[in-house]
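First, one chain by itself in structure tokens, the form predicted on its own.
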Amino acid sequence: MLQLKSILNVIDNSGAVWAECIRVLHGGKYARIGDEIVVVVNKAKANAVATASGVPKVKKGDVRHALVVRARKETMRPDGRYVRFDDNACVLLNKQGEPLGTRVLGVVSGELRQKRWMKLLSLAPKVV
């Protein structure tokens, strides 16, 4: 469960490293795996991948939408098992709701399949 001021790792190749949650978009207080949030980039890579115009995709202080793909808080699966991750992680989204990066650099949760994020599942190296 993520809330205001929660710190997340960014696991795509957009150039961001850490992001801080500043808003949960579905109206509740907490965000879970598969929820959209608004984040501010706290740390970005200096040699980030640039767009065609030479401007980096993200820089420190940028406000972006993101999707929660891993959470430390355990989540119960329909068969009764619980799954919990070692960190909180997100993937940055563009204005159309598509992933900003072209690669996902880590494991993502299988709950994204139930929330219809198939594009992200296809980019991920492993789904747990």
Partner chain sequence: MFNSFKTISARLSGVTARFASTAANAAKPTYTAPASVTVPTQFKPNTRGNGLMQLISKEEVKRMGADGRSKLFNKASPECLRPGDVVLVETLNSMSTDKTSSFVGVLIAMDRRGLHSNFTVRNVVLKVGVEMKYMLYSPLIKSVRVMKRGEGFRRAKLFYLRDNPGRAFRLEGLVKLDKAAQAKKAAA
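Here the structure is a predicted model, which is why all the values come from computation and not from measurement. Residue numbers count along the first chain shown, from 1.
We do not show the form predicted in complex with its partner chain, though everything after this point is about it.
Checking 84, 103, 29, 95 against its partner chain in the model of the complex, a heavy atom within 4.5 Å turns up for just one residue: 84. Put simply, residue 128 is close to its partner chain in the model of the complex: some heavy atom of it is within 4.5 Å.
Looking at residue 73, you'd find every heavy atom of it more than 4.5 angstroms from its partner chain in the model of the complex. By the criterion of a heavy atom within 4.5 Å, residue 17 is excluded from the residues contacting its partner chain in the model of the complex.
Taking non-hydrogen atoms only, residue 77 approaches its partner chain to within 4.5 angstroms in the model of the complex.
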